[in-house]
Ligand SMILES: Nc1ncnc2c1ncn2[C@@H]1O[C@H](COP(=O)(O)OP(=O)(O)OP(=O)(O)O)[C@@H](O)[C@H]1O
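Heads up, the chain below is alone and in the form predicted alone; it's given as structure tokens.
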């Protein structure tokens, strides 16, 4: 497993394709990330789990340069990126694909138009024929070839997610960020997305970072699972390691169990009389 060293200010390609070194992020007095050291190994899938509000999304935004750390450093392929200007960051971001939780397809564009959108933003496509071929290949990879002229409103939730994934790989990125990739999908459609994530890693050697609450998905796709809690990494290892770790906070999360303290509050009855809630409402 690749670890982020903090012994010097340089990163080699062997340290990881993405490295966060002592990254801290404050919003006012609120510390969201607290001295995070993390190195993402090339060609592997790293899954980030943790309760809502623990800093998962903030962490991902630092990886792609949408946020800059209050202190610490972020590296991509050995190059520090947290100190780059927006034009320089734009050249870095073309190496990343992003699958949004909602899919975030443009309703006014066809499936083909959605996939071409990022390509046309960064490159000049020589011909319509080549554009059609690019779209066809990307859709074939997610099993959606033939849907080019459909609009998002004409697709099911699972189909929209697959088209969004085709758009995420439109620029042939080296890294894909998955933001809750199975949210809103039934178990079968969720597994389709899991299989596609595995397929892209296998066939394209893509590095993946996935943020999820879906532990079934996490166990299936992850080479490594990292858990955040209160801005810190409290567990880091394989799926088997996370599943068996002797840490009550981790076990509570992965098994979906409420804490005894929270359960006691929910069960408390002495402080109110529920039968009086409706007595003053006119009938």
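Residue numbers count along the first chain shown, from 1. Under this definition, the rigid core comprises the largest set of C-alpha atoms superposing within 1.5 Å between the forms. A quick note: this is a predicted structure, and the numbers were derived from the prediction, not measured.
In what follows, reference is made to the form predicted in complex with the named molecule, a form of this protein that is not presented.
**Q** How about residue 237 - does it come within 4.5 Å of the named molecule in the predicted complex, if we only consider non-hydrogen atoms?
**A** Outside the cut-off, so no.
**Q** Would residue 246 count as a contact of the named molecule in the predicted complex, using a 4.5 angstroms cut-off between non-hydrogen atoms?
**A** Answer no; every heavy atom of residue 246 is more than 4.5 Å from the named molecule in the predicted complex.
**Q** Should residue 43 be counted as a contact of the named molecule in the predicted complex, where contact means heavy atoms within 4.5 Å?
**A** Output for residue 43 is no: heavy atoms all beyond 4.5 Å of the named molecule.
**Q** Although the partner isn't part of this model, could you tell me whether residue 180 comes within 4.5 Å of the named molecule in the predicted complex, counting any heavy atom of the residue?
**A** Close contact exists here: in the predicted complex, residue 180 approaches the named molecule to within 4.5 Å, heavy atoms only.
**Q** Choose from 215 to 223, 237 to 245, 53 to 61, 35 to 43 the stretch whose residues reach within 4.5 Å of the named molecule in the predicted complex, heavy atoms counted.
**A** Contact criterion met by 53 to 61 only.
**Q** Let me know the one among 140, 154, 148, 101 whose heavy atoms come within 4.5 Å of the named molecule in the predicted complex, would you?
**A** Spelling it out, the residue with a heavy atom inside the cut-off is 101.
**Q** Any CA movement of 2 Å or more for residue 101 between this form and the one not shown, core superposed?
**A** Moves: yes, 2 Å or greater.
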